[in-house]
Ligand SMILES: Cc1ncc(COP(=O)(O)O)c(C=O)c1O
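So this first bit is one chain, no partners, the form predicted alone, shown in structure tokens.
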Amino acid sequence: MQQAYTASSSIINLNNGGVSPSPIIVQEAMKRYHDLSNEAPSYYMWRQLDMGREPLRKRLAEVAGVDPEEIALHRNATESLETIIFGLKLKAGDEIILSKYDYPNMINAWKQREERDGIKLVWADPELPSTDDTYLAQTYIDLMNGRTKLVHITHIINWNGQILPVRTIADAAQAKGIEVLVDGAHSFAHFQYKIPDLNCHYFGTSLHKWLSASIGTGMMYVRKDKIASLYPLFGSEPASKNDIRKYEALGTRPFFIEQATQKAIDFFEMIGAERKEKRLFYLKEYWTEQVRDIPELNMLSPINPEHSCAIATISFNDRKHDELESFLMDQARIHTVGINWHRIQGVRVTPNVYTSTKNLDRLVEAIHSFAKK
């Protein structure tokens, strides 16, 4: 599996949560399509590669468990989610429930709507990590009222890998006639589920994270009965058209990047969703089990499979998170990312399927060395 990637031999990449590398077959497809495009761009891009969009839409829909007519191809989760956020018909006084732990781009998009349209943002603020689904769901449900128009739920919190009970929250929202938007940037192709399992109206994700597609690929889901009323982010005629393709009016785009996603799906299906989820959790469990008893270390992520998968964030008492991040890189050539958001300050470690236990042995050794330093 490791040989299927071009993983660096000079550093150990344990920040796959930010953006995952693509396997070799995806890289080669992207380069091949890029070279082809440059032979005659308007011909090979618009008349040849563009013919692959509908087959790709169908394959992504199969992975997601939805109708192809509910899937739009985008460049990342931000584009998909902001298309939804800015496309919703909202008026002054309408309330949106979101979380202090949501991704900054999404929070800023909602704040812009608050400033421009006078909507009201209502903040869920659970204590994390938590393995109490009832508690986590209730922090959202308790905020719902007759003015609530939509609940924005981040499926897996990027700061620490916390999986939220989306379905429980969504069921409660839909019972009250409230729409549900799910940020699946870190969950899609990470662990097993289908979009209908979430009972949501809208969903956005990046494909260059856990599907390991080319950098700059994303996907948006809009339930069929919501397409006509959701405005596209970029001008499309007519805006009220009941066609998911109206959200793809992006102008000239890199089809060579988009079409390589077919190979990423091949690779994902070759591994198998169940096997991938088990491997990712195993890797997280492998290293955390060997460090969690260090007295000064704080585990800022759940460690059970129901509430976490590959991602784990740690911190040390009275030590700044950037000290640990720098130590891991300087002393062991291990690339991680420092987290400083809301009540989570630590270092996030995210392996992927190409990560070996030998890589994680070096991580464990480095963390113990830092603890003794």
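Sequential numbering from 1, following the sequence displayed. Note that the structure is predicted; figures quoted are calculated from it, not measured.
What follows is about the form predicted in complex with this ligand, which we do not show.
Colleague: Hey, in the predicted complex, is residue 77 touching this ligand, heavy atoms inside 4.5 Å?
Modeller: Yes - in the predicted complex, heavy atoms of residue 77 and this ligand come within 4.5 Å of each other.
Colleague: Going by a heavy atom distance of 4.5 Å, is residue 212 a contact of this ligand in the predicted complex?
Modeller: Because no heavy atom of residue 212 falls inside 4.5 Å of this ligand in the predicted complex, the answer is no.
Colleague: Residue 110 versus this ligand, in the predicted complex: is there a non-hydrogen atom within 4.5 Å?
Modeller: Close contact is absent here: in the predicted complex, residue 110 is far from this ligand, nothing within 4.5 Å, heavy atoms only.
Colleague: Report yes if any heavy atom of residue 158 sits within 4.5 Å of a heavy atom of this ligand in the predicted complex; otherwise report no.
Modeller: Yes, residue 158 is a contact residue.
Colleague: Within 4.5 Å, heavy atoms only, one stretch in 273-281, 228-236, 181-189, 135-143 touches this ligand in the predicted complex. Which?
Modeller: It is 181-189 that comes within 4.5 Å of the partner.
Colleague: State the residue from 106, 72, 300, 96 whose non-hydrogen atoms include one within 4.5 Å of this ligand in the predicted complex.
Modeller: Of the listed residues, the single hit is 106.
Colleague: Between the options 162, 83, 206, 261, which residue brings a heavy atom to within 4.5 Å of this ligand in the predicted complex?
Modeller: Looking at the other structure, the residue within range turns out to be 206.
Colleague: Who in 336-358 is close to this ligand in the predicted complex, meaning a heavy atom within 4.5 Å?
Modeller: Not one residue comes within 4.5 Å of the partner.
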